[in-house]
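Starting off, we have a lone chain in the form predicted alone, written out as C-alpha cells.
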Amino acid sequence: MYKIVIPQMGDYSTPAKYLISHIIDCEIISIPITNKTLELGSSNSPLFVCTPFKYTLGSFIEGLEKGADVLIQFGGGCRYGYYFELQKQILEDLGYKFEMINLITKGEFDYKRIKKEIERLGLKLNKLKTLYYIFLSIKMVKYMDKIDFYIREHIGFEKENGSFIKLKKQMLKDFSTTKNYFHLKYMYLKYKRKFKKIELDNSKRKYKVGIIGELYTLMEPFANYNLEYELAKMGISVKRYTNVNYLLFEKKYKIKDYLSKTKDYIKYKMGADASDNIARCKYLCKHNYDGIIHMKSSFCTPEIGAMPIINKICKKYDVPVLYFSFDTETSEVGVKTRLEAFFDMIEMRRTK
C-alpha cells in the first residue's frame, strides 16, 4: 500500500485527504505545518523563491522521512504551477526515492492525465467512483467556504471564547466521515444552524476590515501567524474573498468584470490574483470598510505589482492600508505589534 503526503493549506487538507483516500487504496501521512517544516523547506530551497514553495517542500521532506513514497502537488496559476518540476528535482538531488503526481495544471483538473499518472503506479481508477468523490469533495469545499465567511464576520463577537473554533473542528471531523451527498448536505445544514446559534455580543461590533493578497498566505493560518484570529480578538469583523471555491470555480468568470471595474487603474490581467485584489480593494473602500490588509509571501511578483495601485486607491478613498510580506525571518511579535498600531489608527480615524 502506498503512503501518500499532501501538503497542508488551511483546512482544505480535509477534502483533499477525503478524495485521495476514497479513489486510491493508500495510507495518507498527515504533516501539520510547524517551524520544523519551514526550516527544512527553507534550507533546501532557492533563497528568493516564494514562501509557499518552502512550506510545501518542507512538508514533502517530513513525509519522506516518515516513509512516504508518493507525493501529491496541486499546481497553481502563477509560479506555484512550476513547483512540481523544481521540487521533484530538489528531492531527487537529496537522494529520496518517490513518485510525484501533480493534480492540477494550468488551474484545471485533467482527469485523463491524472488517470494515466496513477495507473503508472500500478493502481487503477474507477471512473464513475472517482467522478463521484470529486463531486463530493467539491461540495465539501463549497460548504466549508460558506461557513468560513460567517465565522470570519462574527468570531470576534462570540460571548464564550473558543466557541467558533471548537465547533469548526468538530464540523471538519464529521465532514471527513461523509457517506454520500445527502449525508454531507445534512451535516452542512446542521452545522450552519449550530454556528448561527452561537451567542454574540454585538455591542462590541465596531470595525470591519477587508483582507486581500496572495492565496496561500491568506488561506494557511500558520503562514500569516493566525492574523485573522488576532483581528477577531480586537473585535474586528473580517472579510476575505479568496478561497478554494473561488479560485477553482469562480475566478475565470469574474476576471472580465474585475478588469471593467478597475479600468481606471489597469487594462490587462496582472497574473495570479493581483487584478482581483485591486478590484476588491476598490469595492471595500467604496463600501466603507475601516481598513484593508494586504498579505503576500516575500518575492510574490504579481502582488508586488499590485501594491502601488492598491495604495493609490486607498489614498483616494482615505482608507488605511497595512502591508504584510511574510518570509522565514518574519517575527510573530512584529506582526502583532503592527496589527495593534493599525487598530489604533482605525480607532483614531473613526473618532476624528
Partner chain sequence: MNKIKIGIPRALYYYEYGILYKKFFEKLNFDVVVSPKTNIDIFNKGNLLAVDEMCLPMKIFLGHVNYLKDKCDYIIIPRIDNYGISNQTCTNFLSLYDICNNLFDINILNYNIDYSNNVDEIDGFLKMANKFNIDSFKALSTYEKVKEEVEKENKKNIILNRKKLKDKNTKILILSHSYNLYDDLIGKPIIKFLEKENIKVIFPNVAEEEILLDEAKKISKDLYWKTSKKLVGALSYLTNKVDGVIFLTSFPCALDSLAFELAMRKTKLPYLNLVVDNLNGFAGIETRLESFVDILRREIYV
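What you see is a predicted model; the values in this text were computed from it and never measured. Residue numbers count along the first chain shown, from 1.
Same protein, other form: the form predicted in complex with its partner chain, not shown, and the subject of what follows.
Against its partner chain in the predicted complex, the set Leu103, Glu199 and Asn245 makes no contact: no member has a heavy atom within 4.5 Å. Contact check for Leu40: every heavy atom lies farther than 4.5 Å from its partner chain in the predicted complex. Contact check for Phe84: a heavy atom falls within 4.5 Å of its partner chain in the predicted complex.
Looking at Tyr283, you'd find every heavy atom of it more than 4.5 angstroms from its partner chain in the predicted complex. A residue is said to contact a partner when one of its heavy atoms sits within 4.5 Å of a partner heavy atom; Tyr317 fails this definition for its partner chain in the predicted complex, lying far away.
Of the candidate stretches 148-156, 90-98, 131-139, 215-223, only 90-98 has residues with heavy atoms within 4.5 Å of its partner chain in the predicted complex.
Shown without its partner, this chain lists Lys206, Lys168, Lys185, Arg79 as candidates; in the predicted complex, only Arg79 has a non-hydrogen atom within 4.5 angstroms of its partner chain.
Using a 4.5 Å cut-off on any heavy atom, the residues of 287-309 that reach its partner chain in the predicted complex are, in sequence order, Lys296, Ser298, Phe299, Thr301, Pro302, Ile304, Gly305, Met307, Pro308, Ile309.
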